[in-house]
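Before any questions on binding or motion, here is one chain by itself as structure tokens, the form predicted alone.
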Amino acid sequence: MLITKPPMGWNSWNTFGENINEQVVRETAEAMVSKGLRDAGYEYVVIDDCWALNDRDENGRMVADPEKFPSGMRALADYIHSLGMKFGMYSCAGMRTCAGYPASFDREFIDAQTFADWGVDYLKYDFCFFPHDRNPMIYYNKMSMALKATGRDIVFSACNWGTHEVEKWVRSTGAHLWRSTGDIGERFTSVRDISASQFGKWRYGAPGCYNDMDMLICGMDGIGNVGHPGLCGDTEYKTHFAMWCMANSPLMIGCDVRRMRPETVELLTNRDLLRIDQDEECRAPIVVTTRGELAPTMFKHLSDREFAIGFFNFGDDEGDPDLRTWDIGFPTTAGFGLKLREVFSGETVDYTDDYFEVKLAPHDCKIYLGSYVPKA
């Protein structure tokens, strides 16, 4: 199964953690439809950790907690499918999940079949309590093979947090996306540090297997499992989402969609940013830091001879990132210039072929879509 674009959807962990249940999942899926998120491409509804009982049944199968999920996982999957969406679940390559529930170490084939029988379309596969004397590549490949053996198409989301040089082997395991970072929190420092850590890893992503920079914190507004009141606002959410799109990261919403503000909906359904994230060529951006690591400029090739340019200010003071076209291999003698349109404000630059600077407030960004135009 070839996944031709980074997956988009929602995951329960950032907001709900262990407080997940059937009602929340159903209401979230309904809200994704009513708010236009499904139609914008957010198709996966994924339950993270804490969904199971502590013990397997007499046949060795995992059991969904009947108090949290009284109708059962198959019925919940059927409901998600009836809304035109896809259903995702969680397990772990180790002896236990990160929250201490049954995991899939040496139980890969029975667990994969259980998920397939329930109608699962997406599996997030974590890395807690993994034995130190075992090879993670072998065990991620083992689950990949188990999923294929079910005969059902299931997206395989490998989540070992970027450890064990995963970028060098994960594509070989058949994974469709792989966590290239540690866990995100609702702090701008988390967004900044994750972004900086990925500058040398984006080149490993390509159609079929995508670098996953972790779930989105946009719209959490200080509420939930990884929420931090007062540390992020709409400017920080804007920069966070723009960076994930420039990086071709999977886009998994982490806030409570049912309470999502219109401003967050507008951001997450921005057609220009989604066009950048979902571009069929999945090119890594060229990163230029002539203004320092806190003010990077990114140039990204897109299909149809278009491109995107991102200016970011990760600093706490006003910043002035710039583009010096020769730094991306575009000399002033080329006979062409760049025509640009900023995706948030709509401002345009009719022609530039040498130097372009922007002024940015703390934590802000500007993202331009562009094309080539001949020199007058």
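Bear in mind the structure is a predicted one, so any value in this text is a computation, not a measurement. The first residue of the shown sequence is 1; numbering continues from there.
As for the form predicted together with a small molecule, it is not shown, yet the points below apply to it.
Residues with any non-hydrogen atom within 4.5 angstroms of the small molecule in the model of the complex fall in just one of 189 to 197, 296 to 304, 90 to 98, 143 to 151: 90 to 98. A single residue from the set 257, 159, 216, 175 has any heavy atom within 4.5 angstroms of the small molecule in the model of the complex; that residue is 159. Contact with the small molecule in the model of the complex, defined as a heavy atom within 4.5 Å, holds for exactly one of 126, 108, 121, 277, namely 126.
The shortest heavy atom separation between residue 78 and the small molecule in the model of the complex exceeds 4.5 Å.
Residue 368 falls outside the set of residues with a heavy atom inside 4.5 Å of the small molecule in the model of the complex.
Using a 4.5 Å cutoff between non-hydrogen atoms, residue 183 counts as a contact of the small molecule in the model of the complex.
Among residues of the shown chain, residue 240 is not one whose heavy atoms approach the small molecule to within 4.5 Å in the model of the complex. No member of the trio 5, 167 and 204 reaches the small molecule in the model of the complex with any non-hydrogen atom inside 4.5 Å.
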